[in-house]
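Consider the single chain below, provided in C-alpha coordinates and representing the form predicted on its own.
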Amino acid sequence: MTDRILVINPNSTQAVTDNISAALDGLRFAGGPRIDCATLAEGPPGVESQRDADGVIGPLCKLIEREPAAAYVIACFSDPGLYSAREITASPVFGIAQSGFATALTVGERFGVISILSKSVPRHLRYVASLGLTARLAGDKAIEMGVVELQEEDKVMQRMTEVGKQLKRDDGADVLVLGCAGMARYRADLQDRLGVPVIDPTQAAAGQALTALSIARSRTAPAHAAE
(Lines give C-alpha, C1' and ligand atoms only; values in the text may rest on other atoms or scores of the structure.)
Protein backbone atom coordinates (compact mmCIF):
# COMPACT_ATOMS: atom_id res chain seq x y z
CA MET A 1 0.00 0.00 0.00
CA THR A 2 1.36 3.38 -0.97
CA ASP A 3 1.81 5.51 2.15
CA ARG A 4 -0.04 8.51 0.81
CA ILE A 5 -3.32 10.34 1.06
CA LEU A 6 -4.99 11.04 -2.26
CA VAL A 7 -7.24 14.11 -2.27
CA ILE A 8 -9.57 14.05 -5.26
CA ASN A 9 -11.21 17.16 -6.70
CA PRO A 10 -14.29 15.76 -8.51
CA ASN A 11 -14.55 18.76 -10.82
CA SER A 12 -12.30 19.37 -13.80
CA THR A 13 -11.07 22.85 -12.82
CA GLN A 14 -7.34 22.52 -12.18
CA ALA A 15 -7.19 25.90 -10.41
CA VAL A 16 -9.47 24.49 -7.71
CA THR A 17 -7.14 21.52 -7.25
CA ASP A 18 -4.15 23.84 -7.03
CA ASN A 19 -5.85 25.93 -4.33
CA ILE A 20 -6.78 22.80 -2.40
CA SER A 21 -3.21 21.57 -2.54
CA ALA A 22 -1.84 24.91 -1.32
CA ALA A 23 -4.28 24.87 1.61
CA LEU A 24 -2.96 21.45 2.64
CA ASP A 25 0.70 22.49 2.76
CA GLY A 26 0.52 22.89 6.53
CA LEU A 27 -0.38 19.21 6.86
CA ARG A 28 2.62 18.01 4.88
CA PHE A 29 5.64 17.15 7.03
CA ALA A 30 8.84 15.16 6.82
CA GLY A 31 8.26 11.50 7.57
CA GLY A 32 4.49 11.81 7.18
CA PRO A 33 2.28 10.38 4.45
CA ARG A 34 2.52 12.09 1.09
CA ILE A 35 -0.56 14.17 0.33
CA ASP A 36 -1.30 14.20 -3.39
CA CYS A 37 -4.13 16.09 -5.07
CA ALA A 38 -5.80 14.90 -8.26
CA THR A 39 -8.30 16.48 -10.65
CA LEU A 40 -11.12 14.34 -12.04
CA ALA A 41 -10.80 15.12 -15.76
CA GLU A 42 -14.24 13.65 -16.48
CA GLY A 43 -15.96 15.93 -13.98
CA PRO A 44 -17.87 19.15 -14.74
CA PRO A 45 -16.12 22.52 -14.25
CA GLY A 46 -17.91 22.72 -10.92
CA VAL A 47 -20.14 20.36 -8.95
CA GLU A 48 -23.07 22.73 -8.51
CA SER A 49 -26.17 20.52 -8.66
CA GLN A 50 -27.41 17.10 -7.59
CA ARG A 51 -27.02 15.93 -11.19
CA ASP A 52 -23.38 17.08 -11.17
CA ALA A 53 -22.78 15.24 -7.90
CA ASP A 54 -24.42 12.05 -9.14
CA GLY A 55 -22.57 12.20 -12.46
CA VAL A 56 -19.07 12.08 -10.99
CA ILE A 57 -19.58 8.94 -8.92
CA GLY A 58 -18.60 6.45 -11.64
CA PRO A 59 -15.44 8.24 -12.83
CA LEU A 60 -14.46 8.97 -9.23
CA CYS A 61 -14.65 5.31 -8.27
CA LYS A 62 -12.62 4.32 -11.33
CA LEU A 63 -9.94 6.80 -10.33
CA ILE A 64 -9.78 5.30 -6.84
CA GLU A 65 -9.51 1.79 -8.29
CA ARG A 66 -6.49 2.72 -10.41
CA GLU A 67 -4.75 4.99 -7.87
CA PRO A 68 -3.70 3.09 -4.74
CA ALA A 69 -3.49 5.13 -1.55
CA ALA A 70 -3.53 4.58 2.20
CA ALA A 71 -6.49 6.99 2.48
CA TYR A 72 -8.69 9.05 0.18
CA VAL A 73 -10.39 12.42 0.55
CA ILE A 74 -13.29 13.39 -1.72
CA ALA A 75 -12.85 17.15 -1.98
CA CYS A 76 -16.38 18.22 -2.82
CA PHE A 77 -18.89 19.45 -0.28
CA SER A 78 -21.59 17.12 -1.60
CA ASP A 79 -19.40 14.13 -0.64
CA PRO A 80 -20.29 12.54 -4.01
CA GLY A 81 -19.57 8.83 -4.24
CA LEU A 82 -18.51 8.57 -0.60
CA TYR A 83 -20.39 5.37 0.14
CA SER A 84 -19.65 3.83 -3.26
CA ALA A 85 -15.95 4.55 -2.76
CA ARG A 86 -16.00 2.89 0.64
CA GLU A 87 -17.36 -0.26 -1.00
CA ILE A 88 -14.48 -0.58 -3.48
CA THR A 89 -11.44 0.05 -1.29
CA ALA A 90 -10.21 -1.17 2.07
CA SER A 91 -8.56 2.20 2.67
CA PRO A 92 -10.51 4.81 4.63
CA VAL A 93 -12.39 7.38 2.54
CA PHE A 94 -13.30 10.79 3.95
CA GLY A 95 -15.92 13.19 2.62
CA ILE A 96 -15.15 16.82 3.31
CA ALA A 97 -18.68 17.77 4.33
CA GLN A 98 -18.86 15.06 7.00
CA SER A 99 -15.37 15.97 8.21
CA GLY A 100 -16.12 19.69 8.16
CA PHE A 101 -19.29 19.26 10.23
CA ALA A 102 -17.52 16.99 12.72
CA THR A 103 -14.70 19.48 13.18
CA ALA A 104 -17.10 22.41 13.53
CA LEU A 105 -18.92 20.63 16.34
CA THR A 106 -15.70 20.42 18.34
CA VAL A 107 -15.32 24.22 18.45
CA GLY A 108 -18.89 25.56 18.41
CA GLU A 109 -22.49 24.84 19.29
CA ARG A 110 -24.20 25.80 16.02
CA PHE A 111 -22.45 25.89 12.66
CA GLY A 112 -23.25 27.96 9.60
CA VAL A 113 -22.41 26.97 6.04
CA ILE A 114 -21.24 29.43 3.40
CA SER A 115 -22.33 27.95 0.06
CA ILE A 116 -21.60 28.93 -3.52
CA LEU A 117 -25.13 29.03 -4.99
CA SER A 118 -28.67 28.99 -3.61
CA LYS A 119 -29.40 25.85 -5.61
CA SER A 120 -26.73 24.08 -3.55
CA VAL A 121 -28.51 24.77 -0.27
CA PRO A 122 -31.35 22.19 -0.55
CA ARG A 123 -28.78 19.52 -1.34
CA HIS A 124 -26.77 20.48 1.74
CA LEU A 125 -29.87 20.54 3.94
CA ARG A 126 -30.84 17.03 2.84
CA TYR A 127 -27.35 15.82 3.70
CA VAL A 128 -27.28 17.55 7.09
CA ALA A 129 -30.65 15.97 7.90
CA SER A 130 -29.43 12.51 6.85
CA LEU A 131 -26.55 12.88 9.31
CA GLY A 132 -28.89 13.85 12.15
CA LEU A 133 -27.34 17.33 12.52
CA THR A 134 -30.24 19.63 11.65
CA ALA A 135 -30.54 20.88 15.23
CA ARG A 136 -26.90 21.98 15.18
CA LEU A 137 -27.15 23.82 11.85
CA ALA A 138 -27.60 27.57 12.32
CA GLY A 139 -28.08 28.29 8.63
CA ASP A 140 -26.78 27.82 5.10
CA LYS A 141 -26.43 30.89 2.90
CA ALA A 142 -24.98 31.33 -0.59
CA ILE A 143 -22.58 33.90 -2.00
CA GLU A 144 -24.20 33.36 -5.45
CA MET A 145 -20.94 32.67 -7.25
CA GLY A 146 -20.12 29.47 -9.12
CA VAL A 147 -17.00 27.35 -8.70
CA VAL A 148 -15.13 28.95 -11.61
CA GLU A 149 -15.96 32.43 -10.27
CA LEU A 150 -14.16 31.67 -7.01
CA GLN A 151 -10.97 32.93 -8.67
CA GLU A 152 -12.31 36.52 -8.40
CA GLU A 153 -10.63 37.16 -5.07
CA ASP A 154 -11.91 40.61 -4.08
CA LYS A 155 -15.51 39.86 -5.00
CA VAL A 156 -15.44 36.46 -3.32
CA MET A 157 -14.01 37.83 -0.09
CA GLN A 158 -16.58 40.62 -0.02
CA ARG A 159 -19.48 38.22 -0.52
CA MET A 160 -18.15 35.66 1.94
CA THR A 161 -17.70 38.35 4.57
CA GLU A 162 -21.27 39.60 4.06
CA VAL A 163 -22.76 36.12 4.24
CA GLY A 164 -20.62 35.16 7.20
CA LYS A 165 -21.81 38.22 9.12
CA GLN A 166 -25.43 37.31 8.34
CA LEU A 167 -24.91 33.77 9.62
CA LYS A 168 -23.42 35.15 12.85
CA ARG A 169 -25.87 38.00 13.41
CA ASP A 170 -29.15 36.60 12.11
CA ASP A 171 -28.75 32.85 12.57
CA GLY A 172 -26.55 32.60 15.66
CA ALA A 173 -23.69 30.64 14.09
CA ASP A 174 -20.60 30.52 16.31
CA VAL A 175 -18.51 28.55 13.81
CA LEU A 176 -18.59 28.60 10.01
CA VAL A 177 -17.92 25.85 7.49
CA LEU A 178 -16.84 26.67 3.94
CA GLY A 179 -19.36 24.96 1.65
CA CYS A 180 -17.04 24.40 -1.30
CA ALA A 181 -13.51 23.01 -1.58
CA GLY A 182 -12.68 25.88 -3.92
CA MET A 183 -13.03 28.35 -1.03
CA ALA A 184 -10.00 26.93 0.81
CA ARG A 185 -7.62 29.83 0.26
CA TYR A 186 -10.03 32.31 1.87
CA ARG A 187 -10.33 30.54 5.23
CA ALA A 188 -7.67 32.34 7.29
CA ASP A 189 -8.53 35.86 6.11
CA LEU A 190 -12.24 35.24 6.58
CA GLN A 191 -11.68 33.98 10.11
CA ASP A 192 -9.70 37.13 10.93
CA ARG A 193 -12.48 39.31 9.53
CA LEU A 194 -15.36 37.56 11.27
CA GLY A 195 -13.84 36.68 14.62
CA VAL A 196 -15.23 33.13 14.74
CA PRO A 197 -13.64 29.81 13.76
CA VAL A 198 -13.86 29.09 10.04
CA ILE A 199 -13.43 25.47 8.97
CA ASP A 200 -11.97 24.49 5.61
CA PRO A 201 -13.56 21.05 5.23
CA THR A 202 -10.77 19.71 3.02
CA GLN A 203 -8.20 20.54 5.69
CA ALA A 204 -10.49 18.87 8.21
CA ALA A 205 -10.80 15.71 6.12
CA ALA A 206 -7.07 15.49 5.40
CA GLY A 207 -6.38 15.98 9.10
CA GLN A 208 -8.73 13.12 9.94
CA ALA A 209 -7.02 10.97 7.32
CA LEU A 210 -3.63 11.70 8.92
CA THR A 211 -5.04 10.73 12.31
CA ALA A 212 -6.48 7.49 10.93
CA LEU A 213 -3.14 6.52 9.40
CA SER A 214 -1.28 7.40 12.61
CA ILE A 215 -3.62 5.15 14.59
CA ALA A 216 -3.16 2.35 12.06
CA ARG A 217 0.62 2.69 12.40
CA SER A 218 0.46 2.63 16.19
CA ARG A 219 -1.50 -0.63 16.11
CA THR A 220 1.18 -2.33 14.02
CA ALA A 221 4.22 -0.94 15.84
CA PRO A 222 5.95 -3.33 18.25
CA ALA A 223 4.98 -2.80 21.87
CA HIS A 224 7.72 -1.54 24.19
CA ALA A 225 8.52 -3.70 27.14
CA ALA A 226 7.22 -2.36 30.44
CA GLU A 227 9.90 -0.87 32.64
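Each residue number is its position in the shown sequence, starting from 1. It should be emphasised that the depicted structure is a prediction, and the values quoted were computed from it without experimental measurement.
The protein also exists as the form predicted together with another copy of the chain; that form is not presented, and the subsequent description refers to it.
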Exercise for the section: Considering only heavy atoms, tell me if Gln208 and another copy of the chain come within 4.5 Å of each other in the predicted complex. Expected result: yes
Practice task
Although another copy of the chain is absent from this view, report whether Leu117 comes within 4.5 Å of it in the predicted complex, heavy atoms only.
Solution key: no
Exercise for the section: State yes or no: in the predicted complex, is some non-hydrogen atom of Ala41 no more than 4.5 angstroms from a non-hydrogen atom of another copy of the chain? Expected result: no
Practice task
Look up in the predicted complex whether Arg126 has a non-hydrogen atom within 4.5 angstroms of another copy of the chain, and give yes or no.
Solution key: yes
Practice task
Please state whether every one of the three residues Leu27, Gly31 and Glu65 places a non-hydrogen atom within 4.5 angstroms of another copy of the chain in the predicted complex.
Solution key: yes
Practice task
Check each residue of 47 to 75 against another copy of the chain in the predicted complex and list those with a heavy atom within 4.5 Å, in sequence order.
Solution key: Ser49, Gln50, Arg51, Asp54, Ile57, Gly58, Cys61, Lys62, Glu65
